[in-house]
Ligand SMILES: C[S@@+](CC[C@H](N)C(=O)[O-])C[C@H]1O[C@@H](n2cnc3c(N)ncnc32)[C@H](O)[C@@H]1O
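Next up is one chain by itself, shown in structure tokens, the form predicted on its own.
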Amino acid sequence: MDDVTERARALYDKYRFGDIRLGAEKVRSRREDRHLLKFLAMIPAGAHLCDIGCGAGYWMDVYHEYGVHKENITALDLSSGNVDALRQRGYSAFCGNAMDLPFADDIADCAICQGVLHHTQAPERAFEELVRITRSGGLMYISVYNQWHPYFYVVHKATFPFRYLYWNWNKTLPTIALYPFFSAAIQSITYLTKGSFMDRKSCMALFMDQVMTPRAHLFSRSRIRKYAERHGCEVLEFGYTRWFDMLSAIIQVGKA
């Protein structure tokens, strides 16, 4: 396992990213990811779905609402804690690396990879793995950081010195120095948009995922199209989340 992946594994084992909450209420809204819901509506009955980088399994209930049964879902995550929790809920879940999936070719009718490719050491390699496990004619849904959104230049690019110190010197001081500013900004936005504050555990998980994560590539439509062309796929359409921070794509796999 490369150094970036090992660092990411350690981070997500400690700060399990998934259900972001306002106290007992979930912050993440299904209505804010309409493109994913459109993708799910395209999935035929009885299809086998692979969720690569499933996190805490936030979307599992949504998959069921769209007719994907538990026995037809295969989940994978880098965090063993997430995997263990999903197995306890009865899912077929595996611990693994998106750049080297422990699955045979063509096992999925559709594959979903949300918020994962941009955190990998080699995102095109991870994209290639998604194509490999998806049958010809099958569909993929990917969601990545939008290159043209200024948020990521502030929270990730500009914070490089703190991240370097965190991973190479001391994990406490950079966090103490930077987290209060991040928390104040995010909590203000959350209160203005949701009418309440995020709980501290969720805010810290978001901070680690978006600021201290060892890698965060930014994506444009052209970059995704190039990936698709190089690996025999066709981008059917692009989409964005409500605030345009995440760029998503529905892609059809077409193996020779």
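Quick note: we count residues from 1 along the sequence shown, nothing fancier. Here the structure is a predicted model, which means the values were calculated and not measured.
Below, we refer to the form predicted in complex with the named molecule, which is not included among the displayed structures.
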Q: Name the stretch: of 161-169, 102-110, 178-186, 76-84, exactly one has residues whose heavy atoms fall within 4.5 Å of the named molecule in the predicted bound form.
A: 76-84
(Q) With the partner left out here, check for me: in the predicted bound form, does some heavy atom of F197 sit within 4.5 Å of the named molecule? (A) no
Q | 4.5 Å heavy atom contact, C50 and the named molecule in the predicted bound form | A | no
**Q.** Proximity of Y58 to the named molecule in the predicted bound form, heavy atoms at 4.5 Å
**A.** yes
Q.
I'd like to know whether V116 contacts the named molecule in the predicted bound form, with contact meaning heavy atoms within 4.5 angstroms.
A. yes
Q.
For the stretch 120-141, I need every residue with any heavy atom inside 4.5 Å of the named molecule in the predicted bound form, listed N to C.
A. T120
